[in-house]
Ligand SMILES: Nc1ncnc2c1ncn2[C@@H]1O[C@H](COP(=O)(O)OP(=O)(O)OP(=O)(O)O)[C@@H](O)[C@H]1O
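This document starts with one chain, in the form predicted on its own, laid out as structure tokens.
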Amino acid sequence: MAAAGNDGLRLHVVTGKGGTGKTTVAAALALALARDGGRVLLSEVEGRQGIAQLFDTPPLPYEETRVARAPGGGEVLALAIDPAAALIEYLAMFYHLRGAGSILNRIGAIEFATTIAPGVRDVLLTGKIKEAVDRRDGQGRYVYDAVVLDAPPTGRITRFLNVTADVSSLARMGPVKSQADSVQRVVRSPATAVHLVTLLEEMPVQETVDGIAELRAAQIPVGRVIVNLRRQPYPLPARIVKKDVTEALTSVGVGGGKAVVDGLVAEAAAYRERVALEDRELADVEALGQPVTLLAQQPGPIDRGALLALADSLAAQGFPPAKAAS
């Protein structure tokens, strides 16, 4: 069994504004951490089955299912955490009431606890993550070298992780409160980091800035800012002359009239403007004082090959494969 990778981190929470590719980044990170014999759990809590779609597998059941092999013999297992199933499991663990789950479901108690009672749903979801992080085998070794959570978006991440405040209004003692407190010990430990995925656009960057401020205020450890879909900054001349474009096309045997040349010049100008905008947004990201990881745009669809390429890039920038335990 390997030890936790990335400087002792065992729980990697991946969040980001919708549309930034946080599920893709979470999957690539799980592959990076599983390299060279690691065993990593990749989990989701939003019911979207995004992990199954990425790995082209059937919808995930409420059980840990292997979805990928990593280079060097590691493996990634995945889990879609369902609040109702988590509640039944919780009742079995703390109250020995596994057989009562179907009865509670029929009378609507599970729906109440998972959709109406404030805070209980998040306690169930985060409690399952905490259990996976802490789980050990018969020899006392961690079952997973790391757990990667495809978490709710940045705007909800602090409240999702900071479950104690909501639960305290429901229970000041007992198993629910104890569960919330144990989750908080893991969430706020040095073994946990919240990574924020962003694009180099104004709204995602601003949401990242706000999210980091909220996480810091709640004393939840912030990890890396992962910039996704970074454009390659190809060098361009200071001034693009249409005559030069025409001559360049002719020199390589490519024909084209005025419309083609005008289109290429306009595209080059738009590209230069876009890269300049990304550079300004990147400066704002770097000013946050967190480590920054850049992921380039991938050609074609995000398939397993693209995920492995992203995993290689992450590993090269500070998410190394787990090393063998001593």
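If you're wondering where the values come from, they're calculated on a predicted model, not measured in any experiment. We number the residues from 1 along the sequence you see.
One more form of this protein, predicted in complex with this ligand, exists but is not displayed; see below.
Between this ligand and the residues Leu277, Ala283, Val265, Ala296, the one pair within 4.5 Å by heavy atoms in the predicted bound form involves Ala296. The partner is absent here; in the predicted bound form, the one residue of Ala315, Ala309, Leu9, Ile302 having a heavy atom within 4.5 Å of this ligand is Ile302. Of the candidate stretches 205 to 213, 187 to 195, 226 to 234, 246 to 254, only 226 to 234 contains residues with a heavy atom within 4.5 Å of this ligand in the predicted bound form. Interface residue remark: Arg48 is counted as part of the site for this ligand in the predicted bound form, having a heavy atom within 4.5 Å. In the predicted bound form, this ligand lies within 4.5 angstroms of at least one heavy atom of each of the following residues of 22 to 37: Lys22, Thr23, Thr24, in sequence order.
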